[in-house]
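A single chain comes next, written as structure tokens; it is the form predicted alone.
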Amino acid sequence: MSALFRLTATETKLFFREPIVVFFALAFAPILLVVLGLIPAMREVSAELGGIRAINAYVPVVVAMGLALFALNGLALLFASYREKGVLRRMQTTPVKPIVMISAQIVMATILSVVMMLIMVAIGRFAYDVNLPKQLLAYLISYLLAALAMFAVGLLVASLAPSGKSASAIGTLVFFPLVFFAGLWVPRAAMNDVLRTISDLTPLGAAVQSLQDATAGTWPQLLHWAVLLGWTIVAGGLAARYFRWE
């Protein structure tokens, strides 16, 4: 446990030495939320979205998008760059095991992303009068499950990519379909049955619906939590299986 704590602290320090990674992982999503909220149409009630303002529906979407950015354009790039620069090769000579290294990355990313999520919830509440989640416990559980699922996917990309550039390219290819099914361009409420079914089976689609349910005051469906757990187990297991020091 002490090794995990020390490695997590070290990884956090190294993370903040990469300003571009920090910007896209932590700052981009809150800035996007601010920009969306400044659009007058986003603050108007929409019948298509069930009689709520668009900004209310989009806060969970942007929160989920922030997780995807952290996982695919932050964590994956950083981890693959470690391998490319020989950092992982040097760590191979130490008693650190791959599972401890991966766990430290997930713990670091989870803590930082929770801070990012709280900032976005605060922006929505105090800047645009977005209601706080009525089922707070369900919201936190949904967010943590979504974070674990997306970070597992990000680490899988990092485990397979031979370099930082390839990790960035793969992460970008994965990012856009995921945020589409999360409802960034077409809200889930406006999707047809086929698109919504596919969305339910993606990590971000399941995450957004779970966060929206918790915000509205209902507990998320077990299907969506099961999808998030499934992505965590499968992607996390494959990331550990294909982990390479060099």
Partner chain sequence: MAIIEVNNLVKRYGDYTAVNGVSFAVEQGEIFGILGPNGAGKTTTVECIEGLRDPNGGSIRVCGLDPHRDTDELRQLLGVQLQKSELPDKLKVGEAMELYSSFYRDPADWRELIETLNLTSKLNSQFRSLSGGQKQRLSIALALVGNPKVAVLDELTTGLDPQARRDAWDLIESIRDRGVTILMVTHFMEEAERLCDRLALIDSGRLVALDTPAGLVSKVDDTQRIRFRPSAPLDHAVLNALPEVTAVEQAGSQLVVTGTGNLLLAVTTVLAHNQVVAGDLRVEQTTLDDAFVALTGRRIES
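Residue numbers count along the first chain shown, from 1. These numbers were taken from a predicted model, which means no experiment stands behind them.
Although it is not shown, the form predicted together with its partner chain is what the next lines describe.
Its partner chain in the predicted bound form comes within 4.5 Å of no heavy atom belonging to Ala239. Taking the partner from the other structure, its partner chain in the predicted bound form has no heavy atom within 4.5 Å of any heavy atom of Ala226.
Taking the partner from the other structure, its partner chain in the predicted bound form has no heavy atom within 4.5 Å of any heavy atom of Ser166. Its partner chain in the predicted bound form is approached by Gln92, whose closest heavy atom lies within 4.5 angstroms of it.
Contact with its partner chain in the predicted bound form, judged as any non-hydrogen atom within 4.5 angstroms, is confined among 156 to 164, 84 to 92, 110 to 118, 142 to 150 to 84 to 92. Judged against its partner chain in the predicted bound form with a 4.5 angstroms heavy atom cut-off, the residues Glu48, Arg53 and Lys134 are out of contact without exception.
The partner is not shown here, and in the predicted bound form the stretch 139 to 172 never reaches within 4.5 angstroms of its partner chain through any heavy atom.
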